[in-house]
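The data below hold one chain only, encoded as structure tokens and taken in the form predicted alone.
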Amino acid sequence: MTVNWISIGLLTDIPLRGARCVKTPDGKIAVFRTAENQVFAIDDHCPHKGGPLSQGIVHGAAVTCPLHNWVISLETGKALGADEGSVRTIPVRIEGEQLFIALEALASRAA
């Protein structure tokens, strides 16, 4: 299967330890940049009560939901600690400063 990558902006559009949202037909995707310049994309809703993860605090390779402090792994999308639940992760590619997300990942998970 060929992966179609869609450009979503530049790495510098996202501050270190910050996030930006991308609207897709399947909902909002939160794209995070860690202090180590790693980039991750996950659904922008906490599995607990749907809080906006893009507004959470990024620490290491995780984000803390701003509503109820659930910690979500940016690598796996799974809740950490005693909490249970997960969000989908979206493949990200970086070419130079340009960021891309995989459209197939969105379509296959919506089916």
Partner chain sequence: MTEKLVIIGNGMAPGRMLEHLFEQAPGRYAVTIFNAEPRVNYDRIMLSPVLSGEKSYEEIVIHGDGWYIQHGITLYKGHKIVAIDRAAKTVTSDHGVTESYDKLVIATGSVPFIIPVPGNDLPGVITYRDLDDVQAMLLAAQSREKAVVIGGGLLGLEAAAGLASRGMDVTVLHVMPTLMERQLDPAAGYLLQRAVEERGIKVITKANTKQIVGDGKVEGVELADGTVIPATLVVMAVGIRPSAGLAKDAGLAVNRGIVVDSGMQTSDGDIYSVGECAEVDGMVYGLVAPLYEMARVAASHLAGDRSAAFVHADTPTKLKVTGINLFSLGDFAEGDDREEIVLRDATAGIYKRLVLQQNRIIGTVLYGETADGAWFNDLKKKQTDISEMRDTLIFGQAYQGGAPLDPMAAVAALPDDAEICGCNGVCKGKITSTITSKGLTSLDDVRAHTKASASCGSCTGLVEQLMSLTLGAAYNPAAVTPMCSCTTLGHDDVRRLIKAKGLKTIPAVMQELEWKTSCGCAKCRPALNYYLVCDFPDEYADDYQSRYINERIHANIQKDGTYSVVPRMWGGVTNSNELRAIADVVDKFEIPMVKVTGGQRIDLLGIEKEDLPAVWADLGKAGFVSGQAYAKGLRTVKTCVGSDWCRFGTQDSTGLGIRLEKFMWGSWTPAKLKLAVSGCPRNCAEATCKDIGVICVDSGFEIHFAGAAGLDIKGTEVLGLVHTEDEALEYIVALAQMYREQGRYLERIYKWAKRIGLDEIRRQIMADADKRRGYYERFVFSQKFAQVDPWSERVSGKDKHEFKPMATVGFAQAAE
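Here the structure is a predicted model, which is why all the values come from computation and not from measurement. Positions refer to the first chain, counted from 1.
Beyond what is shown, the protein has a form predicted together with its partner chain; the following relates to that form.
In the predicted bound form, no residue of the candidate spot (46, 78 and 93) has a heavy atom lying within 4.5 Å of its partner chain.
Contact between residue 86 and its partner chain in the predicted bound form is not found at the 4.5 Å heavy atom cutoff.
Mapping the unseen interface onto this chain, residue 3 falls outside it, with no heavy atom inside 4.5 Å of its partner chain in the predicted bound form. Among residues of the shown chain, residue 64 is one whose heavy atoms approach its partner chain to within 4.5 Å in the predicted bound form.
Using a 4.5 angstroms limit between non-hydrogen atoms, residue 54 touches its partner chain in the predicted bound form.
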